[in-house]
Ligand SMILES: NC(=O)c1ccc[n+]([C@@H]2O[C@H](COP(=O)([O-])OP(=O)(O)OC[C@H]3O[C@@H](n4cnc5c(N)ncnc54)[C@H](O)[C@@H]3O)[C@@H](O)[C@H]2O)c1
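A lone chain, given as structure tokens: the form predicted alone.
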Amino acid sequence: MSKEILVIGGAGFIGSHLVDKLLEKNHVVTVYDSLESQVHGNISTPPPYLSENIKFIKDDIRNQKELLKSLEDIEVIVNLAAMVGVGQSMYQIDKYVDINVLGTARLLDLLVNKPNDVRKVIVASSMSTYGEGAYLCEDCGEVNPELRKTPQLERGDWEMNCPICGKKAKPIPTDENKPQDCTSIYALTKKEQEKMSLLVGETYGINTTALRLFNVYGSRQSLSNPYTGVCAIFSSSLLCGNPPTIFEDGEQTRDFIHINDICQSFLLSMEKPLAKNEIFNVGAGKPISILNVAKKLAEYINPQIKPIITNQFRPGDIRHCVSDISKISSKLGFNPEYSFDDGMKELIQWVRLQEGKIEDKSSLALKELKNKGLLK
């Protein structure tokens, strides 16, 4: 059945793909987006990849007056509005908290205090709220180590130690029951977005789902934003003839999930009754090292360039985090369809079309991190 759906942040990477999928299912879609310059550049109209078969509202989620107007006849809200950048969030604290937390608070305030037809809210949370992933110690069992301390990292001792016996611990898939141990302002704001949305949903009977997204990649990812998305950052450098810069030894692992599989999780969350008031990991469930990502991108984009492993580190960075997706698979029938190789091919086809249109801003971001004491 066709629904009236509001996608806040719908002009961005994830949002625009989700809009396409919603339109394919004959839903009526409104996109509300501020067109943040760090993501979109200096534009005043929607990016060309955003479908024209929508209603578009250019405004900020913190503007309650305009946000209220956008809620007319809306049945489902997807909240993707957020500043995204782990390192940057540690020195643009006011901006990240203001947009991510206050923006969500203003949306929720309208839902409980103004007449509306909203019956479903899906909020995009993040794997970053976990901090380090889950680990297994051969002697102590499953453990949740704290962040690595600076002296350990200065020695080049990159792997995680058991917090009980001190032996090296092995990374294992992280499920939704792992305690959230935020290691950045960005992660903390995503945790608050998630918890506020679920609390209000439970209290007022609004069917709410929080999706903890792991490392999303694919076409339309902003190549102009040097603060988020390692695939985009590396691609931008390679397109401009520069080597990707890798921290630590490059063997740290993440869980990379293609944008089309992310869209699947949002659609299932909207359609399946078992998604009500639940939290789900959304990932591929497979560890990929950062060095392998850089090598794969270089192979396809600019094989003459080799990644640089700096052995530098960012205090607060995690070593390993890979999703356990058994909950969303069993409850909603989620099944990632894109292998990493197939997904990268789709990404690279799009990246090639951006050649000559972008500049590599990664060195600027590294300089800022260094100046703020966030890169050692």
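Quantities reported herein were computed from a predicted structural model and do not represent experimental measurements. In case it trips you up, residue 1 is the first one in the sequence shown, and so on.
Keep in mind that the form predicted in complex with this ligand is missing from the display, and what follows is about it.
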query: Which of 53-61, 342-350, 22-30, 329-337 lines the interface with this ligand in the predicted bound form (heavy atom within 4.5 Å); finding: 53-61
query: 153, 290, 298, 80 - the one with a heavy atom within 4.5 Å of this ligand in the predicted bound form; finding: 80
query: Sole residue of 99, 268, 187, 108 within 4.5 Å of this ligand in the predicted bound form, by heavy atom; finding: 99
query: 4.5 angstroms heavy atom contact with this ligand in the predicted bound form for residue 126; finding: yes
query: Residue 84, heavy atom within 4.5 angstroms of this ligand in the predicted bound form; finding: yes
query: Distance check, residue 213 to this ligand in the predicted bound form, heavy atom within 4.5 Å; finding: yes
query: In the predicted bound form, residue 221 touching this ligand (heavy atom, 4.5 Å); finding: yes
query: Check all three, 9, 13 and 35, heavy atom within 4.5 Å of this ligand in the predicted bound form; finding: yes
